[in-house]
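A single chain comes next, written as structure tokens; it is the form predicted on its own.
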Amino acid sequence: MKLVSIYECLCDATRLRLLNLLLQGPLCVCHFQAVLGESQVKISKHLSYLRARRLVTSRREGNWMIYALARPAARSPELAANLTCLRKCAQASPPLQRDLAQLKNLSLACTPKGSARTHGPSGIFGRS
């Protein structure tokens, strides 16, 4: 992956927020909607942009579209370095930290049973 393509993906606040959330693991579009407070159309547009540039992958599970970061083996060293930087920088960013806190507290019942992201009383990650 060319460095310019990576930075084109990272130069938008919504895409940064999406990638930061995906660093936690695969998520359904409805999770992004709940955390970001944006429309499904806007979120899908940005996820499509990231998917076309191979930063994220998607799969359909029933009625749900699940997105994940590209597998580590498919990541260029440049992308891996920038995702590591995003994870570190997010720790000092109140808006990105708020997104992560909201994600942790979600209790949406949209992910199919048996998926890596099942919901329970302790939130999306199954932990307090």
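What you see is a predicted model, and the numbers here were worked out from it, not measured in a lab. Counting begins at 1, following the sequence as shown.
There is another form of the same protein, the form predicted in complex with a further copy of the same chain; it is not shown, and what comes next is about it.
- a further copy of the same chain in the predicted complex is not approached by residue 101, whose heavy atoms all lie more than 4.5 angstroms from it.
- Heavy atoms of residue 92 reach within 4.5 Å of a further copy of the same chain in the predicted complex, making it an interface residue.
- Although the partner is absent here, residue 86 sits close enough that one of its heavy atoms falls within 4.5 Å of a further copy of the same chain in the predicted complex.
- Heavy atoms of residue 22 never reach within 4.5 Å of a further copy of the same chain in the predicted complex, leaving it off the interface.
- Comparing 22-30, 77-85, 37-45, 53-61 against a further copy of the same chain in the predicted complex, the single stretch with non-hydrogen atoms within 4.5 angstroms of it is 77-85.
- In the predicted complex, a further copy of the same chain lies within 4.5 angstroms of at least one heavy atom of each of the following residues of 5-19: 7, 8, 10, 11, 12, 13, 16, in sequence order.
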